[in-house]
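This document starts with one chain, in the form predicted on its own, laid out as structure tokens.
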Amino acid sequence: MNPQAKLISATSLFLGTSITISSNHWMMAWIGLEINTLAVLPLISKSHHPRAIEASTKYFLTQAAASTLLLFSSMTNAWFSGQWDITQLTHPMSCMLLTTAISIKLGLVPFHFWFPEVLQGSTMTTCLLLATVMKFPPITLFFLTSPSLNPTLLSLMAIASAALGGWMGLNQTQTRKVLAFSSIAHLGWMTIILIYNPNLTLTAFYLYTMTTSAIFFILNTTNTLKLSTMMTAWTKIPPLTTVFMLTLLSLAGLPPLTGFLPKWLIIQELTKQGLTIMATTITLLSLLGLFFYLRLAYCATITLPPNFINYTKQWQINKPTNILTTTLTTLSILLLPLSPMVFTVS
């Protein structure tokens, strides 16, 4: 990709995200989301492969539909209340339309169909952007409008996302699709607590972003796109593969790793609110996700492929690991002891 085009796309992504998260007016938030959408399209379609073109088309159509709904929601609210302020969303129809629009942008169930397909047609770096950075502006809009949203609707979508994200990830052999369904399941955890403690939603999103970024960086370093190639990737950088297993278990939410912290806090908050059944349900559904994370970890570190005579050995890579990968993996594994600080802040 042309360096100038890459620079323009990166700058536009930063600009669009900054405009949306700092805006107080619906039109500015909508403009920021549109800039983001247009900036990421060249990054998806840059390989000129038919799969990439298909992914960019699907992404454009779904994001355009979501932006239209968001604009219609804000206009309806302004028509009835005379307010364009994001925090003054009062009309029930506007709240319903906004929930639908943001759910489409995030890929929440039942508007999740585009997300795995788009990730499968993109490069690892673009997948990282789509799964983390591109979800930040919609999550921010959810955060700002959380007092106005419908708790029953959000809870149903959250439970459905956690269930379907875990269920659909069980049968996948492509690492990008596995991480797409992992993202959908984690969005369920973030959405279920949005009404009761919005700050906890942002905490869960930050920790999810950190852990997922570490996994994408490792997969990009070892050039692993399928489970079958993951079985042979351990010979390239053996220590990195070990860290990869721990990062996967952290994303699954196993103690004493970092990924356990948001789930622990969310279950605690739901129990405080008297929603024990909901907390139990989403905890049991996370076991589905744990199964395919364990399968990934098993393929990465424990299994050996059959060594036939014509088997091509993967030689070790002598290049040093990116410092960003090292930092993210360390934080993704060892951040749980800082949880008392989170407790005192929130």
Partner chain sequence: MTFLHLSFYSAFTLSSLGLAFHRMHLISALLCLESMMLSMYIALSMWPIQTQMTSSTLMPILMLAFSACEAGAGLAILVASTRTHGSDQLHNLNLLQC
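Since we're looking at a predicted model, the values are computed, not measured. Positions refer to the first chain, counted from 1.
Here the subject shifts to the form predicted together with its partner chain, a form of this protein not shown in this document.
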At 4.5 Å between heavy atoms, is F60 in contact with its partner chain in the predicted complex? yes
Does any heavy atom of G121 come within 4.5 Å of a heavy atom of its partner chain in the predicted complex? yes
Is the gap between K177 and its partner chain in the predicted complex 4.5 Å or less for some heavy atom pair? yes
Using the partner position in the predicted complex, report whether A279 sits within 4.5 Å of its partner chain, counting heavy atoms only. no
At 4.5 Å between heavy atoms, only one of the stretches 157-165, 183-191, 75-83, 235-243 reaches its partner chain in the predicted complex; which one is it? 75-83
Exactly one residue in I104, L71, M231, I195 has a non-hydrogen atom within 4.5 Å of its partner chain in the predicted complex; which is it? L71
Any residue of 260-277 with a heavy atom within 4.5 Å of its partner chain in the predicted complex counts; write them all down in order. none
